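Take a look at this single chain in structure tokens; it is the form predicted alone.
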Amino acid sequence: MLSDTALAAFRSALGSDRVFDDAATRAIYACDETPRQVEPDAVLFPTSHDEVAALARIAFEHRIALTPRGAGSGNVGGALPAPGSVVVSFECMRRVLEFDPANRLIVVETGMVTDDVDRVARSAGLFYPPDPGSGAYCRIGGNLAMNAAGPRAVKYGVTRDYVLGLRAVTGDGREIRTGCRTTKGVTGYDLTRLLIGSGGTLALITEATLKLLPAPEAVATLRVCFASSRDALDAVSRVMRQSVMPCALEFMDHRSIDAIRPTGTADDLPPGTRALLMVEADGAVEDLPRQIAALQQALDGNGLLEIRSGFDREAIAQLWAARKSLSHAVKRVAPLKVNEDVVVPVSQLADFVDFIDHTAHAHRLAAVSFGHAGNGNLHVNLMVHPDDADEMDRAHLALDAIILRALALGGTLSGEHGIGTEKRRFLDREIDPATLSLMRSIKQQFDPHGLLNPGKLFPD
């Protein structure tokens, strides 16, 4: 537990009303979306950059580990407290520090909710492209930590593509500023991109200068039904080879469709539908018909059962209903989902999904696969009962096989969820020893005592 001296120092820096070491608060902040729990020694709620710097200096002096946290919506253990650590929650730091529509940028504190950034941008005819599925409640800081993305990543890219600069605090309490306010700049090392995706292991990011884009005039959506996953994923490859880039290209396998049937959102699917694609285009109103025609031509092929289109808000919402209901529907399949977000080359998706189905069947498991097919980013969910030890053992064996297969196909461990605690044992399967050693050296420079989010990213 924290010493009285350290606790008093935190309370002096933040105020006693923002330092909690009671059992109830510690229990609330003991987990993220992973099933494990580790209670922190205390939870701190800074409200400014200066307070973050102050608490980092106190932690450095007393050798106290810090676990940064946004909304706790991650599912790889990135916000899971290390034993004996203190959680630093950024949920009180949610101000817009500057909004500059003329230069298409916004400066925000990193506790700001992601969708709120987009809402401010759209008030001036702009938008913030990254759109993680948890955007209604996740925080910009967590997006930065994991380099979050979402369906629009296929056209617009991921979080790191929209960060111009950062303000942060290192593990020994130093303030650093990275990047610039312009979209071009080559001055020194690119520490901005280094911090993004580092999972809170290098610095506590307090402020972000984000790039915005002009909002598209219009959006159109296609819901495309196929007789098999292979037919659907072959169509994905065709779409990604032609000139019209969709702004979303989502895939659902047959178990995903089975999961949503009780919700009623699959009632209008044609008989025999075993895979579903959601394809969206955006841009100028007069150009959308051309884009949709080109996408329909690419989608036409073996196993195509139906294409439905929507051009207005109500029709688009109806078409997306099946995909939007999936996350909650999956939870009804089994009490726990063991989730991965591996990425493989788009051309390998069909073979990879076949491998997942075969592996799940061999281990007597239910596997639900869906995700951002245009990027080759698949969310693989093994549905299990956590009180069944044998089933959990089989799930972990299957998961290991699926991850190793993704790497063998030229893929990567994570597309947007990060590494956290849950994938770090695989890191040396993807990253060679010399590169891992260099990464550890970089960590040492930013965090001399290893106090920032320990137990994450690196294998033991």
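Start at 1 and count along the sequence shown; that's the residue number. Since the model is a prediction, treat every value here as computed from it, not as a measurement.
Same protein, other form: the form predicted together with a further copy of the same chain, not shown, and the subject of what follows.
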a further copy of the same chain in the model of the complex reached by all of 187, 290 and 372, non-hydrogen atom within 4.5 Å: yes
Stretch from 323-331, 85-93, 252-260, 155-163 whose residues place a heavy atom within 4.5 Å of a further copy of the same chain in the model of the complex: 155-163
a further copy of the same chain contact at residue 70 in the model of the complex, heavy atom, 4.5 Å: no
Distance check, residue 20 to a further copy of the same chain in the model of the complex, heavy atom within 4.5 Å: no
Non-hydrogen atom contact residue 47 with a further copy of the same chain in the model of the complex at 4.5 angstroms: no
is_contact(residue 40, a further copy of the same chain) in the model of the complex, heavy atom dist at most 4.5 Å: no
The single option of 206, 147, 359, 221 touching a further copy of the same chain in the model of the complex, heavy atom within 4.5 Å: 147
Contact assignment for a further copy of the same chain in the model of the complex, among 228, 265, 75, 170, heavy atom within 4.5 Å: 170
Sequence-ordered list of residues in 347-362 near a further copy of the same chain in the model of the complex, where near means a heavy atom within 4.5 Å: 347
